[in-house]
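Quick setup: one chain, the form predicted on its own, written in structure tokens, and binding and motion questions come after.
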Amino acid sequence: MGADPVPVATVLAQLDPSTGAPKEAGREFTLRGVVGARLVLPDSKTVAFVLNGGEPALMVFAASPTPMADLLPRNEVTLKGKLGAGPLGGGLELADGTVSLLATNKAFGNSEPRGAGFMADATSLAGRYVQITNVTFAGPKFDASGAVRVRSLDGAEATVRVGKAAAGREVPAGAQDVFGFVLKTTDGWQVVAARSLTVERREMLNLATKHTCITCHNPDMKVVGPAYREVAAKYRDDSEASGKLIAQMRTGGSGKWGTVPMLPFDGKIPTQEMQRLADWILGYRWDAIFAD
């Protein structure tokens, strides 16, 4: 793509910290990074957030859907664009042919845990990958606005922005940790959601370890078998998904995800625990739904 890539932080420095507007619209940059989140807005325009581990994220967008095709979460890309004003503020505007896919399933750093109250003025967190801890969603369903409120135990609230595909779906049930990128919009500070996971996930990981599930599976990375987020993405629109996962645990088999057979666990894992494991695995579906 011509010029050598610059750090994401170099491009972010060209955005006015108080308004988010480009200091010099039209200036070109080439950068390399990992996509942390993708957001399809209610009007079907798409933005993505690109970063390198430990850095704040840069918003990228395009007038055409073509450059956004490879900007899926965990994809490592090289891209070239011009500073401009996008649907949710300043960032890098991409043209056709300006994105190259380098790798998939790349990690992009750890989240910073915060309470919902921090979002009242999140200036110090702008662009950061955060974890809004132990909140419940206002519900019962996501609406078409793309914005939803979450509330912590102390009553503090924050606004979370989700992708268009979430509209009409029931919100995640129970206490959740919401992961995403902090963004200031005309409506105030929001978190662009990358995922929502149950606060019980550590307990569930211990349960999966106890039953040797983790020998072949990992929540985020393919091991012998598929990552749980891949399984959840495949079944995200299947109303019978829970039953299918439990049946797979009971009988085992091969062919759905490759030739390596899964051992049967009928009689080895209590039915109630199979149900809990299935619910936990399917909780990773929000990764895919929020990015759709």
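This is a predicted model, so every value here is computed, not measured. Start at 1 with the first residue shown and count on from there.
Omitted here: the form predicted in complex with a small molecule. The next part is about that form.
Legend entry - Distance check, residue 228 to the small molecule in the predicted complex, heavy atom within 4.5 Å: Residue 228 belongs to the contact set for the small molecule.
Inset, instruction - Please run the contact check for residue 281 against the small molecule in the predicted complex: heavy atoms, 4.5 angstroms, yes or no? - result: Flag for residue 281 set to yes.
Inset, instruction - Indicate whether the small molecule has at least one heavy atom within 4.5 Å of a heavy atom of residue 269 in the predicted complex. - result: Residue 269 belongs to the contact set for the small molecule.
Inset, instruction - Classify residue 254 as contacting or not contacting the small molecule in the predicted complex by the rule of any non-hydrogen atom within 4.5 angstroms, answering yes or no. - result: The answer is yes: residue 254 has a heavy atom within 4.5 Å of the small molecule.
Legend entry - One stretch from 245-253, 23-31, 46-54, 65-73 that, in the predicted complex, holds residues within 4.5 Å of the small molecule by heavy atom: The contacting stretch is 245-253.
Legend entry - Contact check for 89, 126 and 129 against the small molecule in the predicted complex, heavy atom at 4.5 Å: Checking in the predicted complex: none of 89, 126 and 129 is within 4.5 Å of the small molecule.
Inset, instruction - Quick one: from 211, 114, 80, 164, grab the residue that has a heavy atom within 4.5 Å of the small molecule in the predicted complex. - result: Only one listed residue qualifies here, and that residue is 211.
Legend entry - Listed residue (215, 136, 104, 100) with a non-hydrogen atom within 4.5 angstroms of the small molecule in the predicted complex: None of the others qualify; the residue that does is 215.
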